[in-house]
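First, one chain by itself in structure tokens, the form predicted on its own.
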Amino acid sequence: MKQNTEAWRALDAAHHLHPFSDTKGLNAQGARVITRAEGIYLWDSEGNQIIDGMAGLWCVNIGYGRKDLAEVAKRQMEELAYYNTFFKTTNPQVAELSKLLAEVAPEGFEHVFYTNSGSESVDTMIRMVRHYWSSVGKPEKKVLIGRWNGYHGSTIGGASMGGMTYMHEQGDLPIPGIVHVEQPWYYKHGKDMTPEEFGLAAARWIEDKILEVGADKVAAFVGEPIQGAGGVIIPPATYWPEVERICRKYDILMVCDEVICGFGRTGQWFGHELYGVKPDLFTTAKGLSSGYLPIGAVFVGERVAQGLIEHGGDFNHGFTYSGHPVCCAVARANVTALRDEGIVARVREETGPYMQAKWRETFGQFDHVDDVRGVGLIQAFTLVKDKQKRELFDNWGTMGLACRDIFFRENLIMRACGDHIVAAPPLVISKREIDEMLGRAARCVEEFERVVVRGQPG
């Protein structure tokens, strides 16, 4: 396949602009060509088997190679490949998927609005929140509060809602009406407090921002239950209940971005269920179809849904492919399998606890690894300069990329988010495969500490 690999790389370099990439540097190196996948494994064009510890981009919850989902797509394409949902029309697949999603969602979420991605779900949510407040007679409530280092997609609205400053630097972001507070990362910001105390203090940063902006102008607070691309930041148990209390106190909508946490990643169907809170809306994508086809959805709680239905008139927003019949058919089959095959339950009761115990056992031993954390099948650790002092490395992100590159060379996909190393494998991973993944990961971290940190020969 070497000849084919070189040809594909040449075509890729000649014509393909990759997302989140330095195209010049990538073209000089050459992209890795992935040709097939099964379960938790990928194969590249040179025959290397790779453990996908990131489930694609946090999305292939059901695992690769499900022929039943391919058959569902084929049948639906042959019957109704496409029609829109704009002109007083629907299709059986979008209606049946909507019913199923209302069944797996927590009580009180009977309505969904369909998109094609997490970014589009977030943009939809922004418009929906502002339209809701205008519809119920409070048009001045427009400001949305996000968090620094939160990730909510890369569209103009999503990138603004997120708190990634390197994204804001490109495109004059954020757009007006979006402000940010600090993320609830206990390891960095809570050194003089217990986790419980820090959770309350971090939530009150939101209250401070509400008072600064004016509660009569704030429409919503938006946050991931567990921050994904921000480094798998798991807030203390006190954080989200206090956030909910603050939002209710000031009559502000609480929005959870479930694009990464949703559909079983944490061992619950949705991440906010871990914390016993109930958002007014939550955004989804990724695990909705396990990445087999592009689809997202905004789940709308009854307060907002009824406000829009009774008072909102036309909601002048939507996409050509909103409620696409083939995407909906595949999503329906995927969600049904996650439920009926007990995949979400197995993450909660079996593989999630096993992963978390093994994760801490594996990485707690290293000199330059700390803040070893996780829940369900989402986990992380942080590379640190001095473990005793809780001191981070200088030039944030440099060590993370160096460590990530070792993993990549050893045919294991784990991700560097700054100096956080994160993993989120397919939810179908077995205990044997967890052992295989973490054994390989441990060897990579050993090499990182020996070669990169201590400067010893490889």
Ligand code: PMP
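In case it trips you up, residue 1 is the first one in the sequence shown, and so on. This structure is a prediction, so every number in the text was calculated from the model and none was measured.
Same protein, other form: the form predicted in complex with the named molecule, not shown, and the subject of what follows.
In the predicted complex, the named molecule sits beyond 4.5 Å of every heavy atom of residue 240. The named molecule is not drawn, but in the predicted complex it has no heavy atom within 4.5 Å of residue 359. Contact between residue 255 and the named molecule in the predicted complex is not found at the 4.5 Å heavy atom cutoff. In the predicted complex, none of the heavy atoms of residue 114 sits within 4.5 Å of a heavy atom of the named molecule. The partner is not drawn, yet in the predicted complex one stretch among 96-104, 83-91, 152-160, 175-183 has residues with heavy atoms inside 4.5 Å of the named molecule: 152-160. Taking 259, 331, 125, 220 one by one, only a single residue has any non-hydrogen atom within 4.5 Å of the named molecule in the predicted complex, and it is 259. Taking a 4.5 Å heavy atom cutoff to the named molecule in the predicted complex, the contact residue among 119, 379, 76, 351 is 119. Scanning 214-246 for heavy atoms within 4.5 Å of the named molecule in the predicted complex gives just one residue, 224.
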